[in-house]
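Next up: just one chain, as structure tokens, the form predicted alone.
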């Protein structure tokens, strides 16, 4: 097992300090290893996640080679040649477990932002104190975007959030964590070959959730009540002016519709009339959302691009990427003999990218890998 940094490197180096897991502690489990602390319904801090993964590495006696960066992988006759910062490795089979969040996604229109406006991503953001005085534009309203908007607003800064497609979700539903419902109802166990539109499922934004001791919901209604100003999707930047789409009403209505369908799925699974179904107020549409914002006037001093993440395959010298740079695979079996992947969205199940979701995926993938080594599959 090759790790470019330390064990749990991305949790140590590539997250902002106040971030907590979106999943409750009782759901944090790996093969033979689970959370055993005093707060099963709490949410791990970054330091706690790091320690959790470190303990798993020790308990499992995983043969991790830290400080070993992979610089190139290419196909050879009997398998693969792996070039690293510590020399060459040859192998018959290879598993890519580098994840889907190696690099923040920043749209090309960022190049048109005036030089007077600082630009950050979730990888470079640490806390409000590092930002220049003045307003902040957060672009993106998935889990990362709403969390950063809330933290910045609590610091006293004017915050505007640009909203595209979103996945609204309450922290708790009918007295239980919403993720308990996702597990218990079987939604998270849905297999990739049972999903109607797999490509879309793999591109969905992360739900608007935050892990706090109070188990609070964080959606656009909460942000609006805090004083955060919602605007439409950032469509362009022309002559220093940010232009936003005018479709907020439709975007909000679609998110509310998807939430209602999800809650109905929970209710139908529960089939329990003892607890009345719970519903939430629709997302509030601003009376007049602005359609443009002059970035040269000084109202906005910082832009944070919370526009998603992408994997980094710059080291992979094997023709297994599609025109959009995504790995071609069928449930983790990559389009090259002996090459596999783990940790990508809806790899084999809807829970694939969560800590507890890796075990079932890994079992399926390693079974295929073992058959490959035995010469039973091409």
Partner chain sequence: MSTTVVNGVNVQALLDAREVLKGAPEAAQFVWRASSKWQKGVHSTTTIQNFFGLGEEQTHKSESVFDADHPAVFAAEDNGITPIEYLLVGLASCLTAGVASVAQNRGIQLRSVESTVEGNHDIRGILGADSDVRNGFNDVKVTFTIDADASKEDIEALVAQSQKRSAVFDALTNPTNVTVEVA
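Just so it is clear, the structure is predicted and the values come from calculations on it, not from any experiment. Positions refer to the first chain, counted from 1.
The next section is about a form of this same protein that is not shown, the form predicted in complex with its partner chain.
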item: Its partner chain contact in the predicted bound form: residue 109, any heavy atom under 4.5 Å; value: no
item: Exercise: residue 119 in contact with its partner chain in the predicted bound form, heavy atom 4.5 Å; value: no
item: is_contact(residue 75, its partner chain) in the predicted bound form, heavy atom dist at most 4.5 Å; value: no
item: 4.5 angstroms heavy atom contact with its partner chain in the predicted bound form for residue 92; value: no
item: Position in contact with its partner chain when the complex is considered in the predicted bound form, options 246, 114, 227, 156, heavy atoms within 4.5 Å; value: 246
item: The single option of 236, 276, 201, 132 touching its partner chain in the predicted bound form, heavy atom within 4.5 Å; value: 236
item: Its partner chain in the predicted bound form: contacting segment from 255 to 263, 295 to 303, 137 to 145, 168 to 176, heavy atom within 4.5 Å; value: 255 to 263
